[in-house]
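One chain is shown next in structure tokens, namely the form predicted alone.
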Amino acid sequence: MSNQAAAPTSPEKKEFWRWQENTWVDESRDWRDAKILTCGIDVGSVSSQAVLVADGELYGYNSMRTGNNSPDSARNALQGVMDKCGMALEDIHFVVGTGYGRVNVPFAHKAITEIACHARGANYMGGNQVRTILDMGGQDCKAIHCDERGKVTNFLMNDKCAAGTGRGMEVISDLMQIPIGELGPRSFDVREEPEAVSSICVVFAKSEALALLKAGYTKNMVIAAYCQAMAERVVSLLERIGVEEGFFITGGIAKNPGVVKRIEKLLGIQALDTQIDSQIAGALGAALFGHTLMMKQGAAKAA
């Protein structure tokens, strides 16, 4: 028998950037009672969502981290919500893929761009008064105008850069060693609002944040400066397209009050509230498009 002591196990590195994955099903309803079941799958650069719609109404969803490849991410997102409600893929009548990985959803019947799907989802979530949508995703931002039916009338995108997006916020979270869900509230816990960081390119912002800490900034001040920089970048995009009444924010950053409240202050307008998870807007819109397509197919057969 060896007297050699066992090597100490190194503590698991805490992933401060890891946001909360979420699965929900409307337990007041039974999906088996629905005539038409449709699904939207939004495979994004950072997160993937699967949304189930029963007879045109939101029934359930699963939101999780995007994995190494789009097909697996799509399967895992859908499996998570199907397991929660005891559903199988063959029970779903129509599946629509959206997001940057939309063409790689192996079981999708159709692919629709995320611009159209976010507008349709925002219309459902915020009502027909929604006219300007800001989608703050993992790797890009989109400003979208739509009509009262959620149909896109105009849009603008920023460049493909992690700056001012969910991925950028993840980097700051890890750098500050603060859970990502706490960044927004902590950004207001400062004596006075600091100036925005000069760059929100993830690489430069990281070095600038470290320089600010060395210069005597508290972590909260650095977070506030970064949130302000993100808000200013987004507002410059929105001002190019124009912001109409009925302003609505989708995407993961919509959950960060540190960015949202600063955007509202710069614009002088308040975003519409919703009780639905802002991160599922694209997948929800995709599922609603699926429902409309099924209704049209039914009408065509009846004719």
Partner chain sequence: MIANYGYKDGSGEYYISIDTDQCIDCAAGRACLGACPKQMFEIITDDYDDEVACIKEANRRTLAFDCADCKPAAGHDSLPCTDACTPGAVRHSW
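Numbering follows the first chain given and starts at 1. Bear in mind that the values here come from a model prediction, so they are computed numbers and not experimental data.
Form predicted in complex with the partner chain: not shown, discussed below.
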note = The one option of Lys110, Lys206, Lys84, His93 with any heavy atom within 4.5 Å of the partner chain in the predicted complex is Lys110
inquiry  = Exactly one residue in Leu89, Ala211, Met157, Val190 has a non-hydrogen atom within 4.5 Å of the partner chain in the predicted complex; which is it?
reply    = Met157
query = With the cut-off set at 4.5 Å between non-hydrogen atoms, does Arg240 touch the partner chain in the predicted complex?
reply = yes
inquiry  = Check Ala231 for me: does it contact the partner chain in the predicted complex (non-hydrogen atoms, 4.5 angstroms)?
reply    = no
inquiry  = Is Ala116 near the partner chain? Define near as a heavy atom within 4.5 Å, in the predicted complex.
reply    = yes
request  = Spell out, yes or no, whether the shortest heavy atom distance between Thr153 and the partner chain in the predicted complex is within 4.5 Å.
outcome  = yes
request  = From the candidate stretches 260-268, 44-52, 24-32, 240-248, select the single one in contact with the partner chain in the predicted complex, where contact means a heavy atom within 4.5 Å.
outcome  = 240-248
Stretch 276-295: residues contacting the partner chain in the predicted complex, 4.5 Å heavy atom cut-off = Phe289
